[in-house]
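Just the one chain here, laid out as structure tokens, in the form predicted alone.
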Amino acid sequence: MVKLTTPSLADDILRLKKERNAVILAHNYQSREIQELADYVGDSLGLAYKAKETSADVIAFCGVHFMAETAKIVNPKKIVVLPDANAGCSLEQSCPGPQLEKFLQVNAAKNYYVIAYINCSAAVKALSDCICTSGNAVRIVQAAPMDRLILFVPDQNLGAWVMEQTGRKMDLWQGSCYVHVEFTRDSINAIKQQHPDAKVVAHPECTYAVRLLADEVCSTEKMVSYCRDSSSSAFIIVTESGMLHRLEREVPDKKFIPGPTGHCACADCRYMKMNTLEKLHDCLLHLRPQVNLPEDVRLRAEKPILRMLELSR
């Protein structure tokens, strides 16, 4: 791995980006250094749009593996690289494709309409009727056929929140994000006592007990507009710590306090933080590790993603 000082490393990444005709996409949970170099920083829905619309030859996806897979699904002719191939996701791991396929076969009589949260593998997307993100999940569920029972995979907390918002009964896959379930009622109450005037803004992947304490439950993208438009000057942000970097950059006149988990002052996703500037540099230099998919899987996974994008416009 190339070792350069930070200023020259950033300059070299920008040089390589230009040479490769690459675009750098970064999720809101990436480190500050990566966010500041990226062409676009956003949530899963925003990144899905950018991945679909880019004219670049190379997509350097600073996120986790399922996100880079999504970019490849909608950009089959482009090179998609991920700084660290081992950057996975606990939600993705909670719902393996073969396990879901077997479940659907065993329960074929239920004729499930499968809505998959985008935090899943290409194999799971290929078994789904429509994809959703935390930002559009309510809309996607509302648009689902009324004569079919929904199976919502893999996040049970997001699914439960969507049921609360829509009143639509769904069967929920028992998966969760290990970061968001570490937030507890007691830890949030403790930080509220220190900052009594701060609004609590929580991601819907949090548990019901935490969501009950929130002034606003929303996607990471909605967090930006909510905090910007709110009359409050301070916010307790109950999601992965990387989100604070974007909030501080885009809403600089307000204070953002990391939501504490049950055992630490903030929540870092170990998978998101596997990506570094050094790894981003090397993936642009060597164009690896690349994300590739069998074409039959890609084609089946593309349909529910395109359906999601169409319904979300």
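Numbering starts at 1 and follows the sequence shown. These figures come from a predicted structure and were not determined experimentally.
Unshown form predicted in complex with 1,3-dihydroxyacetonephosphate; subsequent notes refer to it.
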Checklist entry - With the cut-off set at 4.5 Å between non-hydrogen atoms, does residue 69 touch 1,3-dihydroxyacetonephosphate in the model of the complex? => result no
Next on the checklist: Residue-level contact is defined here as any heavy atom of the residue lying within 4.5 Å of 1,3-dihydroxyacetonephosphate in the model of the complex; does residue 275 satisfy this criterion?
Outcome noted: no
Checklist entry - Is the gap between residue 134 and 1,3-dihydroxyacetonephosphate in the model of the complex 4.5 Å or less for some heavy atom pair? => result yes
Item to check | residue 125 within 4.5 Å of 1,3-dihydroxyacetonephosphate in the model of the complex, heavy atoms | outcome: no
Checklist entry - Heavy atoms within 4.5 Å of 1,3-dihydroxyacetonephosphate in the model of the complex: which of the stretches 75 to 83, 218 to 226, 188 to 196, 141 to 149 has them? => result 218 to 226
Checklist outcome for this item: Those residues of 172 to 200 with a non-hydrogen atom no more than 4.5 Å from 1,3-dihydroxyacetonephosphate in the model of the complex are 180
